[in-house]
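A lone chain, given as structure tokens: the form predicted on its own.
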């Protein structure tokens, strides 16, 4: 039996913390799908196409990871992909409360799907896409916070 996990998120942009969790999860599952959420309610810095491309470029050489975009109910997407696991990262206690509620709702909607939580390495516990966008917007360096393709595009987009 092949184990498949879905790692959902907006990834606007993907950070080195996300990559840390994805790389480690890729060793735990036979197949890992990084699922980029199309959220029309949220004002994103990068288009869905840009985010998918940036993630694919950042994950080159990881053979069992694929990148896709989705909208709608996560558990329906999980089922459509033949997955049994949702992978979520938790940086701090504040993340846990929200993620715990989502995991319980997903369990109610799809009892056959389990949520797996991973913590990033300590050096990434403070890192979020929101903070990266803010640093970039204010002209600060983002190298070391995000993969190189993201840093390049942020620099281009944030030029005055």
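Since this is a predicted model, take the numbers as computed values, not measurements. Residue numbers count along the first chain shown, from 1.
Beyond the structure shown, there is the form predicted together with 4'-phosphopantetheine (PNS), which is absent from this document and is the topic of what follows.
For the candidate spot formed by 98, 102 and 105, every residue has a non-hydrogen atom within 4.5 angstroms of 4'-phosphopantetheine (PNS) in the model of the complex.
Figure note: of the listed segments 114-122, 52-60, 24-32, 65-73, the one touching 4'-phosphopantetheine (PNS) in the model of the complex, with heavy atoms no more than 4.5 Å away, is 65-73. Under a 4.5 angstroms non-hydrogen atom cutoff, 4'-phosphopantetheine (PNS) in the model of the complex has residue 42 among its neighbouring residues. By the criterion of a heavy atom within 4.5 Å, residue 16 is excluded from the residues contacting 4'-phosphopantetheine (PNS) in the model of the complex. Within 4.5 Å of any heavy atom of 4'-phosphopantetheine (PNS) in the model of the complex lies no heavy atom of residue 79. With a 4.5 Å cutoff on heavy atoms, residue 147 does not count as touching 4'-phosphopantetheine (PNS) in the model of the complex; it lies far away. With the partner removed from view, the residue among 110, 37, 127, 135 that has a non-hydrogen atom within 4.5 Å of 4'-phosphopantetheine (PNS) in the model of the complex turns out to be 37.
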